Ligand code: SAM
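Just the one chain here, laid out as structure tokens, in the form predicted on its own.
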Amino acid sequence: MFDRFNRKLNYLRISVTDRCNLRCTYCMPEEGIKLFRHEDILSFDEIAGFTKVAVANGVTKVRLTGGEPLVRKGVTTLVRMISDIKGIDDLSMTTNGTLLKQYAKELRNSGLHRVNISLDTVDPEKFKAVTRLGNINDVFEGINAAKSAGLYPIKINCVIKESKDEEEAKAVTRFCKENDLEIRYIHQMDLVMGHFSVVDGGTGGNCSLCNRLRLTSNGKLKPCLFSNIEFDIRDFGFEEAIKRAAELKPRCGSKNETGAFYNIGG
């Protein structure tokens, strides 16, 4: 599957929930958010069915995101349903890591290949301040559980304001080197203002190489994170939504005034 700029679209990111057990300052406003109604959230059958059609159209890489995907009840069942689809070479999950101690082994047994874990500081007090609710020891235990379960490679997503030479980023870098973890530095983004850049250590944010489609937990297929373009897979049908998203994927991101990181998945 190619878009009109001859980019091969083979990567589907699926937000399975807009809910999260943390309240990170750069992701959620302090006053809270308006959550999707439960009846608007895609069922596991809908997600798996859509993914099967996407794979038939050339998708080979799938990532589950949130919110926090592990707060979705029964999410390991969804992992199993997706892993059973022939043609997926890479099935991963982005998580804050706080629930991995409980779910890592079951996720691996259900067919998940690997995880990306968000970690912006290794200082307990600063972690609590950034996340408003979090205990960093839960993340450390989650990382160890992911290792024991064989969810490799384990990649750390570290949000930075200016550069990877910031004090907190350098501490996370040392932690990763000491614990056999890969690190990605992600500049803090602003959807409405259109502020984004290429991920240091990855290809995210490089529009010329973008191979992604994004499915929100309430069924909107977005060809670009930094765009208002979206197609409701329930209204258009799976095949037609994919076709339109591929045809109308913009050359480069601009800004997104209709969504937020917590319900798109970043």
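It should be emphasised that the depicted structure is a prediction, and the values quoted were computed from it without experimental measurement. Counting begins at 1, following the sequence as shown.
Although it is not shown, the form predicted in complex with ligand SAM is what the next lines describe.
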Discussion item. To verify the annotation, which of these, Arg108, Lys164, Lys101, His187, has a non-hydrogen atom within 4.5 Å of ligand SAM in the predicted bound form?
Written reply: His187
Worksheet entry | Contacting member of Val159, Ile143, Val79, Val172, with respect to ligand SAM in the predicted bound form [4.5 Å, heavy atom] | Val159
Practice prompt. Quick one: find which of 232 to 240, 26 to 34, 54 to 62, 207 to 215 has residues within 4.5 Å of ligand SAM in the predicted bound form by heavy atom distance.
Written response: 26 to 34
Worksheet entry | Non-hydrogen atom contact Gly219 with ligand SAM in the predicted bound form at 4.5 angstroms | no
Discussion item. Whether Pro223 contacts ligand SAM in the predicted bound form should be assessed with a 4.5 Å heavy atom distance threshold; does it?
Written reply: no
Worksheet item: Can you check whether Asn96 is within 4.5 Å of ligand SAM in the predicted bound form, heavy atom basis?
Response: yes
Worksheet item: Does ligand SAM come within 4.5 Å of any heavy atom of Ser92 in the predicted bound form?
Response: no
Worksheet item: Which of the residues spanning 117 to 155 lie within 4.5 Å of ligand SAM in the predicted bound form, based on heavy atoms?
Response: Ser118
